[in-house]
Ligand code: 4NP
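Given as structure tokens, the chain that follows is alone and in the form predicted on its own.
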Amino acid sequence: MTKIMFVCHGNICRSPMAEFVLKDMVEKAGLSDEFFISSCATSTEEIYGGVGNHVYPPARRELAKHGLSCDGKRAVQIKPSDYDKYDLLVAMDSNNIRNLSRMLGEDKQNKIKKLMSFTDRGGDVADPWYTGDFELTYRDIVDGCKGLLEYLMKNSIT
């Protein structure tokens, strides 16, 4: 089983969107039993008293427009033990990569990747918290998840 953790700053917009987009893709491909897919934050900004906030309403609405539900998802922060638990830690932007390196130490197993590195465009997934453009973020995430799934299939990681 391939274990993938998507990572963003607060775990209320981009990383949960990626989590549920990839879950949908693997389900449609008949591969659900071969994957464990989750998401987390590098910060604790969306976690209060040990309980994480739900996915941000505009992100939920964007997922719902495409028939995807993220019901029950709450923000969680990455733990150092997640490095060993997951096969890939897929970050949304360069700041997430820096935070992961600071929090987890050296990426000795080359597990930390940027989602857009699985596309021809590269770069970062823009944070819709600041841009307000959840549709663009969704499109980037879909492109990144398609590329990620192709990469996993081609490299027999599943």
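Just count from 1 along the sequence shown to find any residue number. No experiment lies behind these values; they were computed from the predicted model shown.
Not pictured, yet referred to below: the form predicted together with this ligand.
Candidate stretches 27-35, 60-68, 40-48, 111-119, one within 4.5 Å of this ligand in the predicted complex by heavy atom: Careful reading of the contacts points to 40-48.
Contact label in the predicted complex: residue 5 to this ligand, heavy atom within 4.5 Å: Residue 5: no, not in contact with this ligand in the predicted complex.
Contact flag, residue 23 vs this ligand in the predicted complex, heavy atom cut 4.5 Å: Close contact is absent here: in the predicted complex, residue 23 is far from this ligand, nothing within 4.5 Å, heavy atoms only.
Heavy atom of residue 18 within 4.5 Å of this ligand in the predicted complex: Close contact is absent here: in the predicted complex, residue 18 is far from this ligand, nothing within 4.5 Å, heavy atoms only.
Residue 145 within 4.5 Å of this ligand in the predicted complex, heavy atoms: Heavy-atom contact with this ligand at 4.5 Å: absent for residue 145.
Those residues of 1-32 which, in the predicted complex, come within 4.5 Å of this ligand by heavy atom: Sequence-ordered list: 8, 9, 10, 11, 12, 13, 14.
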